[in-house]
Structures are given as structure tokens and as C-alpha cells.
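In the form predicted on its own, a lone chain appears below as C-alpha cells.
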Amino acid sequence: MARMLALTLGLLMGLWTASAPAAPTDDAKAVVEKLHDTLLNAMKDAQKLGFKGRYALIEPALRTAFDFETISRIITGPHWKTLNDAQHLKFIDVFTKLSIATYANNFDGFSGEHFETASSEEKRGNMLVKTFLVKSDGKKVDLNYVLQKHGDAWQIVNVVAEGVSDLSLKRADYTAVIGSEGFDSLIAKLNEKIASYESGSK
């Protein structure tokens, strides 16, 4: 009887352990590491894939990993409230495509680099995942990711490379263009940038 009780308790403990939810730090870290795996694959097969192939490979990973709606709202600043729903959707669409094209353009070769995850921690309700891009000579480039909870999933809302916030840079640039030239001008500039990546692709 005692042996049966012990076996039953052991089974229940095993089931509880298997079904226990992952810690938020682990969930957020997994999002970043999955993105890095995709980027590394794009780099390793860069020449075979070409720009269009890298774009196709990276696109689903970025759409899953990044909260492009939240990012769009932040980087357009106070102008977001003055835009209508159609303009919101237009900006999110174009900005998302530009982000994917930028990654496809930048991760265009491989020379022994790899990614390392240093730590993950909660910061005022967000998650901060600290990582490095380690070059072939051993030099480490700081890549820190800020993630927010969107529904049941953590998604990236900012990338800080070597202490420089991508969110802050884009907010400064984009709000300046909207303020001085208007929303349509900003959209045109973003589309021109996408076209330049596509035309100069390799």
C-alpha cells in the first residue's frame, strides 16, 4: 500500500512538473533565441538564398517576434492620434515590410559569427533580454531586446544595439518627417528605402 501511494505521488509530481508554466524570463528568452536562429540560418545560406530568399525566410520569424503595431504607435509619436484607421494600417504594413527588408539586406553573409544570450530579467512589467553577436574575431556586439506581453506571447518592441535604441532613433526621424512633410511623404520615403534594398539586392 505504501509503495503504491509513493508511486502515485511520484506520478502526480511528475505530471505537475511537466505542466508547470515556463517562467516569463524563459518565454521571452525563447522568442529572441528563435529569432537569432533564423537570422543565423539566413546568414549561413545568404548567397544561395539571395535577397528574396532571405526575405522569405526572415519574414515569418519577424512577424511573430516583433509587435509591429505597438512599435508603429511609438515611433510615430503624437502623430499616431491624428492618423485615421486606414493610415494606421498603411503605416504598420509598410514599416513591417521595411523592417523585414532591412534584416534581409543586413544579414547577407556569414564568416563564423554566432549569437549568445547573456541574461533575461523583468523591468517594470517588460522583459529585457541581453545578448551578444559574437564576431569571428571574438569581438562582442551588445544586442539587448525589450519585450512586452501581447496576449499570451512576449514580443519585441525595441532593440538596443551598443547602447543605441532603435525605437528612439526611428521616433526622432519619423516624427520629424511627418511634422514637416506629412504622413504621405514618410510612407513614400519608406517605400523608396524598400525599393533600394530590392534593387541592390544580392
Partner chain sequence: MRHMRTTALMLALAGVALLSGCASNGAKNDNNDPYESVNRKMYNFNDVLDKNFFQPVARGYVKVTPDPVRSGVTNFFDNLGYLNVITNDLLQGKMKQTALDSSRFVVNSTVGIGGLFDPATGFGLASHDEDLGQTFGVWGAGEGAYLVLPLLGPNSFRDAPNLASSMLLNPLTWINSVVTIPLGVLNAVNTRANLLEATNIRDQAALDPYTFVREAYRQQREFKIYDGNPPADENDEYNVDAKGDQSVLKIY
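Remember, it's a predicted structure, so these values are computed and weren't measured experimentally. Residue numbers count along the first chain shown, from 1.
Omitted from view is the form predicted in complex with its partner chain, to which the following refers.
Looking at Asn158, you'd find a heavy atom of it within 4.5 angstroms of its partner chain in the model of the complex. Taking the partner from the other structure, its partner chain in the model of the complex has a heavy atom within 4.5 Å of a heavy atom of Lys135. Its partner chain is not shown here, and in the model of the complex it never comes within 4.5 Å of any heavy atom of Leu83. In the model of the complex, none of the heavy atoms of Asp26 sits within 4.5 Å of a heavy atom of its partner chain. Of the listed positions (His88, Lys130, Lys97, His114), a single one reaches within 4.5 angstroms of its partner chain by any non-hydrogen atom in the model of the complex, namely Lys130. Among the residues Ala153, Ala30, Leu167, Ala56, the one placing a heavy atom within 4.5 Å of its partner chain in the model of the complex is Leu167. In the model of the complex, its partner chain lies within 4.5 angstroms of at least one heavy atom of each of the following residues of 105 to 124: Asn105, Asn106, Lys123, Arg124, in sequence order.
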